[in-house]
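Let's start with one chain on its own, the form predicted on its own, as structure tokens.
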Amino acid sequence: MGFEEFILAAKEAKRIAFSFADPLIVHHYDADGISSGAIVKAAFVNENRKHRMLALKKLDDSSVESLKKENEIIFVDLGNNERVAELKDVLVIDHHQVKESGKPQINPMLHGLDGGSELSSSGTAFFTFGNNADLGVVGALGDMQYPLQGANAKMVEEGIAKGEVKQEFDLRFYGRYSRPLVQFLAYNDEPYVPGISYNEGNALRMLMDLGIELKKAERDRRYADLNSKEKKHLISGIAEIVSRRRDIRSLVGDVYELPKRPNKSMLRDANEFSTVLNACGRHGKPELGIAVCMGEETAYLEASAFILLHKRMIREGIEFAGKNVVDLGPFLFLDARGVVDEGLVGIVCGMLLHGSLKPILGISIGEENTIKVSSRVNKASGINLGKVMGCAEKVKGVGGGHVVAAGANIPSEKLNEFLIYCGENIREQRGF
């Protein structure tokens, strides 16, 4: 097993996909799901082949029932439900822990590759069809797979060769292409810069003290506009502040520019691009995210309007979570029902982890009298959250996912029972 075997399986998956006459491409609604769905769509467009698109939040029993009328389905970033076996012609393109359905599936997990850290569904779709490495990188970053390693690194290499990706070692702050310099400094908190984060006045003074011009030709400058000398001065200034409190290694690292995407836009930076797609999906507009990926200019303009709302909701969610997380022993717990949207609770949980080795489970209001559960954990914990969330089946729910990020939907009245099962599973995995 290994990468070579995976590539052979990907070629077979492509053959199966293109054997379909008019498939329904069913993809997940997050950044990786939209990116991978767009890669598959672009492959069909390039070949002038008929297809249709559908985005889903989850593949549950009701979704499977609604799809039984379809003759041909390509699941992308979805498909790990045993009931897929009840459908007609199916191809699964996925990277989650595998649940066998007897249907053809291309998944790195089947070939000894880690689908949680080495290849997302976007990367799997890229290696299957060979187009849009840039979207493969966007999906991987959106799926929190940074640093890109293993098969992801091979995808980056191919993207560079195609002129779709440019890799640099630089400051990793968000908004390198989209935010004016003052906001670029003031509204980054990973890492938190004491005295600068959330303080525009101090950010402005820092830039002025460093002699960095804020405007040129009446236009606000972005970090991407700075020359190498200015970047060096700015990074050194930030590092001097951060080093008094914490390790500065998180300041810089690999960043990914997408040369074929519009310059001076959020789509030029892979990390910012993933945020655009997340905002589209989490706010009920996954089809808009697909249009953005396909290069429709008006779609990007419309999607930009969601970003401020998306960021504000996440910020408010983090503020709420910081005051309401409780320690239940085996795991941390956040009851965010009625406060944090179900599409954002996982993002909020991920931002609360820091160095904790305990998993965090967050809940929000789901659909049809259910509870949406999202969980995150640091890889060093040794806990497989996919197995923990699998406890949902014991309470007539559905659950699963990756080792470090997984989710579930459970009946509202079964919450306490579910949490008990989760605690028992975590203790078993830790051996006590």
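All residue numbers refer to positions in the sequence shown, first residue = 1. What you are looking at is a predicted structure, and each value in this text was computed from that prediction instead of being measured.
The form predicted in complex with cytidine-5'-monophosphate (C5P) is left out here; the points below concern that form.
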(message) Test of understanding: in the predicted complex, would A408 fall inside 4.5 Å of cytidine-5'-monophosphate (C5P) by heavy atoms?
(response) yes
(request) Verify the contact flag for V398: yes if a non-hydrogen atom of it lies within 4.5 Å of a non-hydrogen atom of cytidine-5'-monophosphate (C5P) in the predicted complex, no if not. (result) yes
(request) Look up in the predicted complex whether P108 has a non-hydrogen atom within 4.5 angstroms of cytidine-5'-monophosphate (C5P), and give yes or no. (result) no
(request) Would you check, heavy atoms only and a 4.5 Å threshold, whether H96 touches cytidine-5'-monophosphate (C5P) in the predicted complex? (result) yes
(message) Under a 4.5 angstroms heavy atom criterion, identify the one residue in G317, G116, G346, G281 near cytidine-5'-monophosphate (C5P) in the predicted complex.
(response) G346
(request) Please determine, with the chain shown alone, which of 371 to 379, 65 to 73, 47 to 55, 34 to 42 has non-hydrogen atoms within 4.5 Å of cytidine-5'-monophosphate (C5P) in the predicted complex. (result) 371 to 379
